[in-house]
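Coming up is one lone chain in structure tokens, specifically the form predicted on its own.
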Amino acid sequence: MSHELDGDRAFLDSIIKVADEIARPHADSVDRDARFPSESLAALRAERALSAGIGSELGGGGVSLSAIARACFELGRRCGSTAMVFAMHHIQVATISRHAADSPWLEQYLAAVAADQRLVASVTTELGTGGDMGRSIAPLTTAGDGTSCTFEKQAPVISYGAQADDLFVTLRRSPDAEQNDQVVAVVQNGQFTLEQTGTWDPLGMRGTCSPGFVVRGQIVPEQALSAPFAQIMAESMHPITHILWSHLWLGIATDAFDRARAFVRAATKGKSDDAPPPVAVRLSHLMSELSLLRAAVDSGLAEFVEASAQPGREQLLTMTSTLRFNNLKIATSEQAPRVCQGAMGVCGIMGFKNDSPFSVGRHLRDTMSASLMIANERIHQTNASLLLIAKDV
């Protein structure tokens, strides 16, 4: 346990260094130019941060998911786009790691990620599914001799697709399978082509570089995870996604609060009035909002860690767990922009101006994307169905 804690601490020290020295200074230009945060990713690769969650026996850092989540928070405080790229990469890597048992190919792949610091992108959305990750239209087609599989998938967005080394792709199991009978395939560089179908000039999260693509690939059968998709989703993809996303949103909101506090301190410096000014009182109200967000994020992570430690991870397979992490996503994606908007209210015009040291415009725009990433309304629809049949909530 002590060795694990030491590894987590060393990893987080390296993340904070990258965040302070690289991510923060480039955050505004990444946002302004809607460009990939290449400097930050190069620094993260140099620190071997892209394989931090892979087991040490495969060449990774062997750090805990709690440390990965904290890294998302620290990066989010400096650059939301860098944090989102980092989080999405680790969602894929953690999912593969948690379901690689008895697969020599997947273990060799994870070792390659560690050795080469390969960046993995997610191809889990598809035109025609309405944003439902539980369905796929594009099938995985196996050749007659069973030695290879091909696919073609139309993805409306692929975050950092053009910059990724490898892809994590959800597909229909076969051409005659139902849309909800899915597999997850790991597709390596050189096994796929990308045909860009859209542009990327969004309101926020501009550095994630997420246009649409048609993805065509050819793999061998061993590159598809053998575990049932429902198990992969319930045990890993679903909760880890919402945990890491919520941490980076908390990081963005925390920096917005810090800027508001710095503004209040500057505005009240040298004043000797006994009663705090109205702007300081508004800051206190804002701290309460931030505390609610932090509590939701912390409890979600703690519950996932506890459930993952149970034999068979049975708790994660329940409807109660699905509802829990759905609600984590909804709550944090709605609370984070409220905190950022509140920070702008505290700072006034200085928070509204992009060239001000108290600017929170980028923070507000980045967190406004949170409710759209797996749309909250779709999650509410899922929750409504589960609430009718779940015994416990």
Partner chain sequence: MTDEIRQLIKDFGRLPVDVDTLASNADLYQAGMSSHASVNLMLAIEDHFDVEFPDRMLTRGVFESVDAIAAALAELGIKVPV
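Residue numbers count along the first chain shown, from 1. Model, not experiment: these values are computed from the prediction.
One more form of this protein should be noted, the form predicted together with the partner chain, which is absent from this view; the next part is about it.
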Counting any non-hydrogen atom inside 4.5 Å, which residue from 178, 152, 222, 298 sits next to the partner chain in the predicted bound form? 178
With the partner chain left out of view, which of 279, 230, 287, 305 would have a heavy atom within 4.5 Å of it in the predicted bound form? 230
Residue 218, heavy atom within 4.5 angstroms of the partner chain in the predicted bound form: no
Taking the shortest heavy atom distance, is residue 386 within 4.5 Å of the partner chain in the predicted bound form? yes
Decide whether residue 262 counts as a contact residue for the partner chain in the predicted bound form under a heavy atom distance cut-off of 4.5 Å. no
Indicate whether residue 189 is a 4.5 Å heavy atom neighbour of the partner chain in the predicted bound form. no
Would you point out which of 310-318, 241-249, 101-109, 142-150 contains residues with a non-hydrogen atom within 4.5 Å of the partner chain in the predicted bound form? 310-318
